[in-house]
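As a starting point, one isolated chain is supplied in structure tokens, in the form predicted alone.
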Amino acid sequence: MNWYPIFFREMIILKRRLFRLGYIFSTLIIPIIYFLVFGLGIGRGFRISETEYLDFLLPGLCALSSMNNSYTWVANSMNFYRLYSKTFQIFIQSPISAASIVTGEVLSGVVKGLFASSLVVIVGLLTEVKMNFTFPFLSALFLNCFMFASLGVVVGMITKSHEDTATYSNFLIIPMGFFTGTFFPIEKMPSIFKPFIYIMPLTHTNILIRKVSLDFSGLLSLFVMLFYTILFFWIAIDLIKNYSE
């Protein structure tokens, strides 16, 4: 349980922010804009393989929101702790293992990602969008948060400034939001781009999160997500073990 003090500290910070109306609004504004523009605007009367577009879109927005919030929370926090407040150096000097530090930070990112995606679900339910809270949906949501929170630790450890964190987001996070099946099926993409699309981890979140049951493609996406999750988590631990600033 050495990870718990790290996690508890982040939860105290999150609790203080939750009482600010602007914080909840800022968490919701991007998915709501996407929901209004793509869903209620473009998507009215539009169907994808016998599925209403809004029913297709909302799981993708859950995946997108959980990715953005779990990643951003951890990446920005780690960068700030290392370079500005210098509290990360206290973590390193304390009798806490690198794995415990990563676990605490990642779990805090998971909570933030799940909180943000739950707000998206509430918006969807209020608009009577059909939601299937199946095992693939729940497992994809949790793994997505864990995976991108782990990536957030990696980015937070290798960046040299907040500007660097934004640069990584521009090249890693934003493209995944638009090209991995969030707003339209991957099958609609040109074949030349598909090998690159299937390398992106959010692609497999979008595949798994829309499954009613765990078929072969869903199981394959689950294993790909597990691979990325373990890989990012291991790299994060290694970076902290070899930290020397």
Partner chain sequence: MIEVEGLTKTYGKIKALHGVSFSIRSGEIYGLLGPNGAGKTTVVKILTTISKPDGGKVSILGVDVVRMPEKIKGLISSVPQENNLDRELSVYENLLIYGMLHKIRNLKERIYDALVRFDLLERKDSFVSELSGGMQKRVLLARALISDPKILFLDEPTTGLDPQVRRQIWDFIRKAKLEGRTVILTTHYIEEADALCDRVGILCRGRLIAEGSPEDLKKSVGNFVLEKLDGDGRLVQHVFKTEEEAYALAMNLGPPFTIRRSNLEDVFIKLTGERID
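Residue numbers count along the first chain shown, from 1. Quick caveat: nothing in here was measured; it's all calculated off a predicted structure.
Quick note: we don't show the form predicted in complex with the partner chain, though the next part is all about it.
In the model of the complex, the partner chain sits beyond 4.5 Å of every heavy atom of residue 157. None of the heavy atoms of residue 138 is located within 4.5 Å of the partner chain in the model of the complex. At a distance threshold of 4.5 angstroms between non-hydrogen atoms, residue 115 is out of contact with the partner chain in the model of the complex. The closest non-hydrogen atom of residue 96 lies within 4.5 Å of the partner chain in the model of the complex. The candidate spot formed by 64, 134 and 217 is out of contact with the partner chain in the model of the complex: none of the three has a heavy atom within 4.5 Å. For the options 169, 85, 127, 161, the one in contact with the partner chain in the model of the complex, meaning a heavy atom within 4.5 Å, is 85. Just one listed stretch, out of 140 to 148, 171 to 179, 116 to 124, 77 to 85, contacts the partner chain in the model of the complex at the 4.5 Å heavy atom level, and that stretch is 77 to 85.
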